[in-house]
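What follows is a single chain, given as structure tokens, in the form predicted on its own.
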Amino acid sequence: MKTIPFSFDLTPGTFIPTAYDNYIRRQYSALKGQYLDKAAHEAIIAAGDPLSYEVYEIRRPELTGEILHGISILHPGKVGDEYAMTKGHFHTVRDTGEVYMCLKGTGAMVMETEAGETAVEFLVPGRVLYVLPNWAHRSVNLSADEDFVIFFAYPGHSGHDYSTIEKYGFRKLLVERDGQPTIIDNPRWGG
């Protein structure tokens, strides 16, 4: 971990940082119970459990005053008619926000509050999204053949609460209908 101000470059084309401290790989099996079409999800896992997304973190102390940041790369794909997505999370410290900037691809951020408010923001390269405090968020890749790459930054003390999403899922899902991304209610949601 750096103890003086620092910078890093992003590899052209892939946007993988030239220096990072932590690398996370998530296969489709890490999203068990999140996709609407369970049979299609199980078939993808049985066929080799491919890589769904990767995260390259530039680590900082998980303390107030620090800003954790990195790159997330969500690979293209679908499970049934539902687009590839990340696990999604609330922050453990609910009143902390997060900033995302799309670097490559076409995607969306599905968001919701515990009180039931929902929002979906579509992202293309150069578009910046501020996820307000108290909003869970999940990235979705809307491209059939291109990675969805985003830069993220959030307060060091935020933490991640994945378990709430794993238990209930998100209220809204992004599926393909007539060749277009369509937002639908999640019929399995039960919060």
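Residue numbers run from 1 along the displayed sequence. Computed from a predicted model, the values in this text were never measured in an experiment.
Omitted here: the form predicted together with D-sorbitol-6-phosphate (S6P). The next part is about that form.
Heavy atoms of no residue among 32, 78 and 83 are located within 4.5 Å of D-sorbitol-6-phosphate (S6P) in the predicted bound form.
Exactly one of the stretches 59-67, 36-44, 148-156, 118-126 approaches D-sorbitol-6-phosphate (S6P) in the predicted bound form with heavy atoms within 4.5 Å, and it is 148-156. Taking the partner from the other structure, D-sorbitol-6-phosphate (S6P) in the predicted bound form has a heavy atom within 4.5 Å of a heavy atom of residue 88. At the 4.5 Å threshold, heavy atoms of residue 53 reach D-sorbitol-6-phosphate (S6P) in the predicted bound form. Under a 4.5 angstroms non-hydrogen atom cutoff, D-sorbitol-6-phosphate (S6P) in the predicted bound form lacks residue 112 among its neighbouring residues.
Contacts between 155-172 and D-sorbitol-6-phosphate (S6P), taken as any heavy atom within 4.5 Å in the predicted bound form, involve 160, 162.
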